[in-house]
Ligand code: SAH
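Okay, here we've got a single chain as structure tokens, the form predicted on its own, with questions on binding and movement later.
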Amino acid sequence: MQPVAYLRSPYRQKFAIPRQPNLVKEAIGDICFVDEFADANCLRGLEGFSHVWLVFLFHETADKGWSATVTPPRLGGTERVGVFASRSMYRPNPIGLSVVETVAVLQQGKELRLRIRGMDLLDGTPILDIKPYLPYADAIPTATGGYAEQAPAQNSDLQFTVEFTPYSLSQLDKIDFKICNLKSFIKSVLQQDPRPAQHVRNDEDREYGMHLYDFNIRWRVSAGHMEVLSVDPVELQNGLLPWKV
């Protein structure tokens, strides 16, 4: 198999990525097709579908191995279930499946991109295949969700409020960012509580940082309250490319 495209995602590091797709609907990304498949004919007819399935590689953890059991964050990171009863990235074959909303097909010269919304994938993720989502076959109203029956926010005993300091608001006012509403995106990411499971269990009050799009977001957690401290542009490293409209 070979990748047909690579994903440009707002999530530049694994930290803060939502644990399932469509939990942060403000997240906008681009599927950038490699030259061999950068032909708009490959997407002909896709405009009639609101969502697509992405088949992708867990490229950053592919060489980390796997085990028969894993500890899902939804179970507090302490209870073990079988790897095939989870969506863990540490799998015998490092393949993932995610459903996302389609936004637009963008073509500039020989460059072809499919803009999507609601992804839960790391920037640079290799995309192996794209398939249309079929509501009559793929949506099963009577399905049960095991230990993940509800969305994380509905399942949490601690509902977080998110506020911005005057300094962070002044920074946002000066940022000309056209991809999405950056403030709303940051707030939605934080409402998913991206902290590691052990921090949640210990209810630790501390500061954190996360890299979203081309910005470093600093925030603080205290007594069920999240406060954004700063939104700073970052100097891109490790081959990362700046985001573009």
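Model, not experiment: these values are computed from the prediction. A residue's number is simply how far along the shown sequence it sits, counting from 1.
Omitted from view is the form predicted in complex with the named molecule, to which the following refers.
Query raised in the report: Any of the heavy atoms of residue 121 lying within 4.5 Å of the named molecule in the model of the complex?
Result: Residue 121: contacts the named molecule in the model of the complex.
Query - residue 72 within 4.5 Å of the named molecule in the model of the complex, heavy atoms - result: No, residue 72 sits far enough from the named molecule in the model of the complex that none of its heavy atoms falls within 4.5 Å.
Query raised in the report: Would residue 225 count as touching the named molecule in the model of the complex under a 4.5 Å heavy atom rule?
Result: Answer no; every heavy atom of residue 225 is more than 4.5 Å from the named molecule in the model of the complex.
Query - 4.5 Å heavy atom contact, residue 172 to the named molecule in the model of the complex - result: Heavy-atom contact with the named molecule at 4.5 Å: absent for residue 172.
Query raised in the report: Since exactly one of 59, 218, 195, 183 fits, which has a heavy atom within 4.5 Å of the named molecule in the model of the complex?
Result: By the 4.5 Å heavy-atom cutoff, the listed residue in contact is 59.
Query raised in the report: Of the listed stretches (130-138, 92-100, 74-82, 163-171), which one has a non-hydrogen atom within 4.5 Å of the named molecule in the model of the complex?
Result: Stretch 92-100 is the one.
**Report entry** Residues of 6-35 having any heavy atom within 4.5 Å of the named molecule in the model of the complex, listed in sequence order
**Finding:** In sequence order, 14, 17, 18, 19, 20, 21 come within 4.5 Å of the partner.
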